[in-house]
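A lone chain, given as structure tokens: the form predicted on its own.
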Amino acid sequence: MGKMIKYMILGILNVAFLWVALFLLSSQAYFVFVLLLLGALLANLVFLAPKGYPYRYLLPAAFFMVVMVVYPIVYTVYISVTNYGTGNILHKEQVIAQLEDRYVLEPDAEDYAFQAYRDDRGDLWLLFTDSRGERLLGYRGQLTSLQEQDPLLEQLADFAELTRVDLVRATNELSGQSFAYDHTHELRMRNINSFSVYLQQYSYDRENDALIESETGTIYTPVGGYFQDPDGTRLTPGFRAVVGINNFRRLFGNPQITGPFVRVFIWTIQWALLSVATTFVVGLFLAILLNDPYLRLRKVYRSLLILPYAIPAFISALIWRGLFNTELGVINQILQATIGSSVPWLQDPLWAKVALVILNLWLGFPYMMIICLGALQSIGAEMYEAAVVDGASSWQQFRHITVPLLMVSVAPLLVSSFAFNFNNFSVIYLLTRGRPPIVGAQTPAGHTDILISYTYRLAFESGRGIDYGLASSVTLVIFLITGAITFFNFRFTGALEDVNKNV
């Protein structure tokens, strides 16, 4: 019974695999198709072969690791070496099909008057008549020449003929109708009164991998993701193509891209350092105060000071955005009433950065306060008592006892906090959206953008269109930097463990 259930579940999974595989093939997602095929084969081997039994428990974890970690990394690397973006969204075959579907009105083409009929199933039948009185019947993309008293004419009499009003209502449907006139021509709607003969503008020569313009004979060959003629004229849209390290060359070689990127990178480092430093200093200061056993109502203070951490960050960010509003914000109203001037919080580059640090301090100090409070309570009171006996001042106790022992527990979290703030997209985007913009930048870079928000805006907010290739290149740079921070974290944590053993 158990084997029967196992085989039934495996059969259902195989059917699902097959359905998804057919969908991927139709979408030309060949790489994902290969991964799915390998995964399906592995699943069948593990669950059917007796030797695969020990691997059954590893398979789900391995599957999700490949889907959630390995595949996104590989796909990002692939996109970073392509021209994927606005103008180059489609695959090559899709672009060829789109260009081959372009038709131009044949010079001196004769107009065909038409009558439209709708049968019982709702299909359109079109009766065309030229200037000589010859008739053609159009149905489902095909044309049929009609003779006098043709049986098809009698069949049309049984259908409902569309009136002028009906024709106007069905304009979109009629404009989508096309009928094969000959090998390179089609009969298409010219206006509400007539159809005309249109010539296929481009035809694809698969043997030579080239598009040929029908009217002039110009040959367009694929160059850098576009079909291009010998004079350099490109046909649009383009298609996805591998461009090698071109995106990295643009990132590090084009001054209009490199300059803003370097400024964004420097601010990202400054932002992460300021975020960690301000939240840690304030959190440690409050933790020391709240760790005093003689402080009255300290439980109440702890509860109140944790509130910013308990409120969702996006709500706090939106509230602070309102507070920092230059014209209507409460902060500027207070400043105007007290010192007689206001601050352009979100318009000036410097003040926008200050506003971000203040917001992140509000969001981050409770976390630092909690971990510092826990670390302080783990330090034995006898160490301070011995220091007092030896004549150590409060500052000496803090410097030689509190800080070393505190850093054993807190330093790895500080490094992790640096990595988190390095990619803290939500605070940046919700408060300033990376603005104000950097003047002269070729990419959508702002003075308060960090690398992750800059990448997002490259991909989705560029005024020149989306640029997934360049955005993926920046993503890989972020990945390498974050990986270096993680490596440093492990090394630093190991060094602190050695220090802890010697204390």
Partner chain sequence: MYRKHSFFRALWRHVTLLLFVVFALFPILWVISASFNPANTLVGQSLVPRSISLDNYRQVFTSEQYPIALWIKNSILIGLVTSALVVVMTSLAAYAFSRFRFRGRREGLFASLMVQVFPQMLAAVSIYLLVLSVGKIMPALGINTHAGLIMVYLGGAMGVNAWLMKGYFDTIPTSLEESAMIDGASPFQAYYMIILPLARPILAVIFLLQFIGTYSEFILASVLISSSEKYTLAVGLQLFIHDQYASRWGVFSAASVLGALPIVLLFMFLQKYLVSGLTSGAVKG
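Numbering follows the first chain given and starts at 1. Predicted model only: the values in this text are computed from it and were never measured.
The same protein also exists as the form predicted in complex with the partner chain; that form is not shown, yet it is the one meant from here on.
Within 4.5 Å of the partner chain in the model of the complex: all of Tyr53, Leu58 and Trp320, by heavy atom? Looking in the model of the complex, the three residues Tyr53, Leu58 and Trp320 all sit within 4.5 Å of the partner chain (heavy atoms).
Among Phe159, Trp351, Tyr367, Tyr139, which has any heavy atom within 4.5 Å of the partner chain in the model of the complex? Contact residue from the list: Tyr367.
Quick check on this chain: which one of Trp271, Tyr84, Phe227, Phe261 has a heavy atom within 4.5 Å of the partner chain in the model of the complex? The residue in contact is Tyr84.
So if I measure heavy atom distances to the partner chain in the model of the complex, which of the stretches 123-131, 214-222, 368-376, 261-269 falls within 4.5 Å? Of the options given, it is 368-376.
How about Val282: is it within 4.5 Å of the partner chain in the model of the complex, going by heavy atoms? Yes, contact at 4.5 Å.
Distance check, Arg206 to the partner chain in the model of the complex, heavy atom within 4.5 Å: The answer is no: Arg206 has no heavy atom within 4.5 Å of the partner chain.
Taking 4.5 angstroms as the cut-off for heavy atoms, does Leu38 touch the partner chain in the model of the complex? Outside the cut-off, so no.
Non-hydrogen atom contact Asn421 with the partner chain in the model of the complex at 4.5 angstroms: Taking the distances in the model of the complex, the answer for Asn421 is no, it never comes within 4.5 Å of the partner chain.
Go through 298-315 residue by residue and record those having a heavy atom within 4.5 Å of the partner chain in the model of the complex; state none if no residue qualifies. Heavy-atom contacts to the partner chain in the model of the complex: Lys299, Tyr301, Arg302, Ser303, Leu304, Leu305, Ile306, Leu307, Pro308, Tyr309, Ala310, Ile311, Pro312, Phe314, Ile315.
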